[in-house]
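Take a look at this one chain, the form predicted alone, written out in structure tokens.
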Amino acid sequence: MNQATSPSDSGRPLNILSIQSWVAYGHVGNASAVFPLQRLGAEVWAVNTVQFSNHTGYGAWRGSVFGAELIQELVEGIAERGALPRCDAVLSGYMGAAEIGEAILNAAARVKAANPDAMYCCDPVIGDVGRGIFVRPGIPEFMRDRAIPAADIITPNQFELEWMAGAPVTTLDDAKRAVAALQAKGPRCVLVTSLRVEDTPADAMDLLAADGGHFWRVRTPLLPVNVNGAGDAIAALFLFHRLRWGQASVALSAAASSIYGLLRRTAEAGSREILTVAAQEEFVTPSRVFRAEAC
């Protein structure tokens, strides 16, 4: 396997600090993000915010939520190893409480102070179309007002884009305006997932990326699958390829192609959990490649 090397040092692999939830059974949070990154050759320093038996979509689970103090302690331990200057990015997703969010932002700030070229990628988990907001009160506002301005890359779905921008998205131009409004708050690179606008065919799904004043779209077939963890995986893949290639258009094509292959395999198997391990070749060599088109 070829290792993906750091943009700042071609002699070592990418190092990514991923602060997310963990489940023993299934694939969400770090359990969805870590393995694809490792399969692509990155070193992942995983800090878990919870340890659950399974994801909460089942309606019942066991385990514990870790406090902000533990996250800070683990990051401090990594810092004591002198590793933070070699960290290329921080990745975060679902935040169970604002205190955990503050600990994540503190970790991102420490990494960027040690390595000014490092990026913070925030998947601003708030809710979804059809479900509405499903995080605790105060988290949506924290994402909009604290996390988004601190991030270099954000990966909202359509619902989260609309909520944070404060405007409905029904056309591609609406999506572009909403993305630009979020970019004005701080993040230079945005990936919008699960996007369906007026010109999206009924049997398709769009993804939109923006960086440096340019926009690109990928359209994939709509798959008959409803699983948890796909958003965690695509955020990790998009971050990886954006770091590796330095281009949002390339990252969009690579991440969308891999996720489509992963979900296609999952749908074909009729699995309740995404087949992260069984479909691992899709991360390295996607079975179908979708090109990003400027829009």
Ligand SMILES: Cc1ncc(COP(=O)(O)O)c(C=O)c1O
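Everything quoted here is computed from the prediction, not taken from an experiment. The first residue of the shown sequence is 1; numbering continues from there.
Omitted here: the form predicted in complex with the ligand. The next part is about that form.
Annotation: pocket open; no atom of the ligand, superposed via site C-alphas from its pose in the predicted bound form, falls within 2.4 angstroms of a backbone or C-beta atom.
Contact with the ligand in the predicted bound form, defined as a heavy atom within 4.5 Å, is made by all three of G29, H55 and F134. A residue is said to contact a partner when one of its heavy atoms sits within 4.5 Å of a partner heavy atom; A46 fails this definition for the ligand in the predicted bound form, lying far away.
Put simply, Q247 is far from the ligand in the predicted bound form: not one heavy atom of it is within 4.5 Å. Although the partner is absent here, Y94 sits close enough that one of its heavy atoms falls within 4.5 Å of the ligand in the predicted bound form. The closest non-hydrogen atom of P36 lies beyond 4.5 Å of the ligand in the predicted bound form. Checked against the ligand in the predicted bound form, the candidates A89, V125, V179, I100 yield a single residue with a heavy atom inside 4.5 Å, and that residue is V125. Contact with the ligand, judged by heavy atoms within 4.5 Å in the predicted bound form, is confined among 179-187, 125-133, 209-217, 164-172 to 125-133.
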